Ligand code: NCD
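Just the one chain here, the form predicted on its own, laid out as structure tokens.
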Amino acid sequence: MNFRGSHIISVDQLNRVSVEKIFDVADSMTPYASRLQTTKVLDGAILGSMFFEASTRTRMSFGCAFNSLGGSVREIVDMKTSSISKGESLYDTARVISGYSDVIVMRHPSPGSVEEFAKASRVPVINGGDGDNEHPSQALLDLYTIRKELEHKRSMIDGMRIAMVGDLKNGRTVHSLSKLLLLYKNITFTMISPNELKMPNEILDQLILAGHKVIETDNMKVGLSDNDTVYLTRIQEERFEKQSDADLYRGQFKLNQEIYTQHCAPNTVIMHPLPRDSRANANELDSDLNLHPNLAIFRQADNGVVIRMALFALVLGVEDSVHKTSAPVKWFTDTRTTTTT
């Protein structure tokens, strides 16, 4: 893929070479994301951050990533504060906002909306999540996390075993991650969900056609065994017509210390795209695992910054210039850079 000036809308745009390129650039961003060094390579550049759906990690990490490259961020954080609420089309919005920005990140509740917006934009657009469709930067940071966690355990993505748990029908993170894993070899997928919330058949068929093994089950304890990674998701209650429909499934698939010890292999990596639903009637990932060395969810969230820095650097064509303006930070950072592996 030629990244410079390109939109990043779907993982379908990527091949394995381009994914490895993103990861290599992300590795080079670590000193800046860790606040060991600063860079001004995007000094004067403006990110248009348009989030028409609730977000914490994605919105903040995109903003932090752009700021860490020296750029400035201008935000729209609610449909009600945008002229879209007055009937303005995505086309008109794109034409206007792209005149104010050098790159745009957009999240929208409707599938396909970011692609529609990008067609009218005069600058690169990165998909920050469009309904239950895709979330390409999340898939990249998830895969980057898997690679780093498995490397630490002297394993690799090719040939791994991964369990995906929860609302696989509506969870765009597992959709995009599954599509990205099509680029790798001999993976065993165990899809753990209620039958009503199973992974879409289109994605299952693609995995099987690519030569991967797919197991489907609604028995979490059986499905958890013999995996390298367990990727949990919450019930996507915002995708249901009624709250009562979502409540039918809440709390059915929980992972805690006892279940992990009894049913998971000792070195199984625990992942979750966050937010995890910590309410008592849900609690899909228990806080009693917070200090577990194989809990990777916070390392996973941290990796979102370097991946998104890499995407900005690549689409704006500065990946080879980042270090030219680097300098040591002037503030205390030791506590931030201390991590548990």
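Predicted model, so just to flag it, every value in this text is computed and none were measured. Start at 1 with the first residue shown and count on from there.
The discussion below concerns the form predicted in complex with the named molecule, not included here.
Exactly one stretch in 64 to 72, 312 to 320, 274 to 282, 40 to 48 has heavy atoms within 4.5 Å of the named molecule in the predicted complex; which is it?
Only one stretch passes the 4.5 Å heavy-atom test: 274 to 282.
Could you work out which of 234, 263, 169, 148 is the residue within 4.5 angstroms of the named molecule in the predicted complex, going by heavy atoms?
Only one option qualifies, and that one is 234.
Of these, 35, 57, 292, 299, which has a heavy atom no more than 4.5 Å from the named molecule in the predicted complex?
In short, 57.
Complete contact of 135, 138 and 173 with the named molecule in the predicted complex (any heavy atom, 4.5 Å)
Heavy-atom distance to the named molecule in the predicted complex: all three under 4.5 Å.
Residue 107 versus the named molecule, in the predicted complex: is there a non-hydrogen atom within 4.5 Å?
Output for residue 107 is yes: heavy atoms within 4.5 Å of the named molecule.
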